[in-house]
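Alright, here's a single protein chain in two forms, structure 1 and structure 2, each given by itself as structure tokens.
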Structure 1
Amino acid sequence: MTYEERLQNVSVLGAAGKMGSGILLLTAIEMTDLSLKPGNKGKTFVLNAIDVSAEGLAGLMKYLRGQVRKVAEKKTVWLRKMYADRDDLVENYDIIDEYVFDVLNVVRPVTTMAAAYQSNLIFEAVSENRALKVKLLGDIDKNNGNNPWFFTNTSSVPIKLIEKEAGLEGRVLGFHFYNPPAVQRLVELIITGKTLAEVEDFARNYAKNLKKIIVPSNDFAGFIGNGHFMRDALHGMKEATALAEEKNIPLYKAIYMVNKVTQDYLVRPMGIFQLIDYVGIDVVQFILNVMNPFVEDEELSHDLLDKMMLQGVKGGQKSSGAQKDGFLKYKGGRFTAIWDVHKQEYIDLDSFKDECDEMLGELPSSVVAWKSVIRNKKKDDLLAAFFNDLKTSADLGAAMAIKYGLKSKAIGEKLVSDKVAKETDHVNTVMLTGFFHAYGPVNNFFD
């Protein structure tokens, strides 16, 4: 079966979700672009958007319409060539409208799994629930006579377990998009010892056509991305708990301080507690629970997550993309308060921010902001100067940053020594591309 033939009938499970909608958008565009090429004219391309929520699917189609129009506006020159035989399409807006129609015409929104029984390729983007993934993929395979291939978007479940338990020997791999898939360029590719060569080859071609950067990860729970992020998050929670005890301050103040250090001092796009909120406290806890049974030399859990969950504070994002309140309370894209796990209420930032900032100390004059340095050609020199100043500072914030940077490096190096990542460059690429860090965790800045 050729690349084009494989993509003539595709299904996306969890299509209305945050990840599934992006995967569906990218795949719908790829399928439509294939259908417009001269050799494929007249061939039918079907993309089943499968989700349990009919309301979610309705919202999905609205999302697709808007996103496809933006894509079409950026490639009108190419589209004019593809529609050259259409005399009725004169103006650019005619061509754009036709392309939007063609892409949406490929998509079939459905709430029944049976739609996947004719597919050659299935993308799975449901929740990080091993049993659910196994059941869905196994049921499809039993009812599908095409020996379909399965690409799971799991960020934590070992692929070999899904492969074995669903009976998909050689026909499943991990194809982990980063959020949001339509924007993020990174894909973690995870194969097992049984993955068929043609399945991997197709995955690499598909990623290339989508202009994605592939980083291979060995098949270990959490892979590279969550392997680093989850441990980084645990370190942040441990540091906040220890700081509160050491300085005899409320935990919410310590959370603010660690969040500030991990953003401003480590030059990251957001602090570690803000990142946990973005992903979702419930999601972070769930992924840690998935990973924990597979590690022997560490405990991947923290009671602070348990307390937040018991108190009903989960973070995550609304369907609109707006941030839900978690460790931090958000308003207009900024956080304005910190959750107090003891009083079970948010404490306004203005009531304690100055006190905490004074405890941390002044940032050196060489400080650089993430936005200003991320694309600066001299960023390594700027970062080295700033971090060198931190190393010579006696302030609390500087000491916390150096300790955190060294821990982040140790986590990255351990991923390589544990054979999760094949090399440190892979760890750095995942954090640079998937998490938008200004520099990779495995570096010499903090030594």
Structure 2
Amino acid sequence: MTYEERLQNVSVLGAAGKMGSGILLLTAIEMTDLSLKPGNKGKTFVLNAIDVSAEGLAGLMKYLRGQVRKVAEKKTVWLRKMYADRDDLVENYDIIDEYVFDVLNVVRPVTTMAAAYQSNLIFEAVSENRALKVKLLGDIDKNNGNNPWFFTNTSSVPIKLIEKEAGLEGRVLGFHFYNPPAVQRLVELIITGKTLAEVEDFARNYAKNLKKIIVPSNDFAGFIGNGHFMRDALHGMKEATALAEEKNIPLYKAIYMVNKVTQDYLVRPMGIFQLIDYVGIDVVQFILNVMNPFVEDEELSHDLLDKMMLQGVKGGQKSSGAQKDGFLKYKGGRFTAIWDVHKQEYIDLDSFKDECDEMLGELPSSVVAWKSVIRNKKKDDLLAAFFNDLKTSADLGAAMAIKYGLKSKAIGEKLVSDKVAKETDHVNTVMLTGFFHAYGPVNNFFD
């Protein structure tokens, strides 16, 4: 089966979810682009968007429409060539409308799994539950006569376990996107000892066509990305708890401070508590629960997460893409309050922000903002100057940032010594392209 034949009938499981909707968008575009190529005119391309939530699927179609239009606007020259035989498409907006129509026409939103029984390729992006993944993939395989290939987006379950338990020998690999898949360039590729070479070759080719950067990870629970993120998040929770005790301040103030340090001082796109909210407190807890039994020398859990879950505060995103409240409360793209686990209510930022900022101290004047630095050619010099100033500062915020930076480096190095990542470069690329960091964790900025 050729690359194109493989992509003529595809299913995405969990298509209305955060990751599934991004995978669906990218795949729908790749399939439509193939269908527009001269040799493929007239061939049918089918992409089943499978999800249990009909409401979620309606939201997905709205998301697709908006995103495909943005994509089309950026490639009108290419589209004009592909639609050269269409005299009725004159203006750019005619061509854009037609492309949006064609992409949406490939997508079949359905709530029944049976749609996947005809597919040659199945992307799995359902919730992080090993038994559910194994059951779904095993059932599809039994009912599908095509010997389909399975690309799982699991964040944490070792692929060889899914392979063995679902009986998919050689036909499954980990193809792990990062949130949001349409923006983050990373795909972690995880093969088992049995994955067929042709399955891996296809995966690499497909990732290349999606303009993604592949980083191979060894098949260890959490892989490289979550191996770093989960430990970094646990460190954030431990630091906040310790700070609250040491300074005798309520935990919500310490959460604000650690979040600020991890965003502004470490020059990251989001503070660590905002990132946990973005991924979902429940998802972070699921991933930690999957990873924990596989690590011997660490305890991958924190009671702050358990408390948040018990109090029903879970973060994550609505189907519209809007951020749900978690550690932080969000309004119009900003956060305005922090959750107090003792009082079980949000405390307005205005009532304590100045006091906390004062405790952290002034940021050095060499400070650089994440957004302005990521595409700056002098990025490394600017970052080095700022981090050097932090090292010579006696302020609390600077000391917290240096400690955090060193911890992040140690986590990165341990991923290599534990043989999760083959080399430090892989860890750095994962954080640069999957988490949009401005610099890799294994660096000399904080030594």
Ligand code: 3HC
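Residue numbering: sequential along structure 1, first residue numbered 1. Definition used throughout: the rigid core is the maximal C-alpha set that superposes within 1.5 Å between two forms. This one's a predicted model, so the numbers in the text were calculated from it and none came from an experiment.
- Taken from the structure described as the form predicted on its own is structure 1, whereas structure 2 is drawn from elsewhere.
- In the core-superposed comparison between structure 1 and structure 2, Lys160 has its Cα shifted by less than 2 Å.
- With the core held fixed, the Cα of Leu406 is displaced between structure 1 and structure 2 by less than 2 Å.
- Annotation: Cα of Asn388 displaced by less than 2 Å between structure 1 and structure 2, core superposition.
- Once the two forms are overlaid on the core, Phe45 shows a Cα shift of 2.7 Å between structure 1 and structure 2.
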